[in-house]
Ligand SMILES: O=C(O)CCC(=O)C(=O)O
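Form predicted on its own, single chain, as structure tokens, below.
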């Protein structure tokens, strides 16, 4: 039988919502995005730059990734420095309102846009779920500015309110605005919002960390069960374990031999 949810890492939405969370959610649903400035201090950003430099290598494999853009995937298996960004309370409070309980982390990666990179094609992140628009978002994303995001260095470009568009509307670059943010800030947006990385016309890299989420009944982009060794997963916070998929979408989606997957995680190999 499925055990008690709180014992095995269910995410239970806190109904004692703060005025700040309510205001954040109103902005998100109206505009499709919200920006939180300076959630990280300079010391944290400096540590993340150093760790990213250790992990980064090579460049993008296609025009969408960016031939002059460096990406690091499988973050949860490689470093702990970004964990606090994945389950940051400000984001989790919004996700609690956007999705049903036990929503999932879909992917997480470092993105370093190098000088000379062209603007990324405009897209919306949950477009691989083949359900016609307009519709509620099936995913959401956060892009953390580890470096300052400027108009010259490739700041993420978005089209406000485009999360409400139907399938009959197509975006143009002229409709975009740049998410100009100091280092340590984050832009959080719905998976239906049209956006893309900007062109880096500066002489310096633009480093970011992005984490995407999805509704609890959808398949994730990353297969965390294969990416992250079980021994390492046991050391993670219960919230992150649940986001990876060690959780249940009631009544039983995600079970292992009729039991909650956290039981398997807690059992000997």
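Since this is a predicted model, take the numbers as computed values, not measurements. Residue numbers count along the first chain shown, from 1.
Beyond what is shown, the protein has a form predicted together with this ligand; the following relates to that form.
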### Task
Go through 42 to 50, 25 to 33, 196 to 204, 230 to 238 and give me the stretch that gets within 4.5 Å of this ligand in the predicted bound form, heavy atoms only.
196 to 204
### Query
Looking in the predicted bound form, is this ligand within 4.5 angstroms of a heavy atom from every one of 90, 190 and 211?
no
### Query
Any chance residue 173 has a heavy atom within 4.5 Å of this ligand in the predicted bound form?
no
### Message
How about residue 159 - does it come within 4.5 Å of this ligand in the predicted bound form, if we only consider non-hydrogen atoms?
### Response
no
### Message
I'd like to check something about residue 64: if you look in the predicted bound form, is any of its heavy atoms closer than or equal to 4.5 Å to a heavy atom of this ligand?
### Response
yes
### Query
Counting only non-hydrogen atoms and a 4.5 angstroms cut-off, does residue 113 reach this ligand in the predicted bound form?
yes
### Message
Which residue, 94, 143, 108, 137, is the contact with this ligand in the predicted bound form, using a 4.5 Å heavy atom cutoff?
### Response
143
#### Entry: Partner contacts for 118 to 136, taking this ligand in the predicted bound form and a 4.5 Å heavy atom cut-off
120, 123, 125
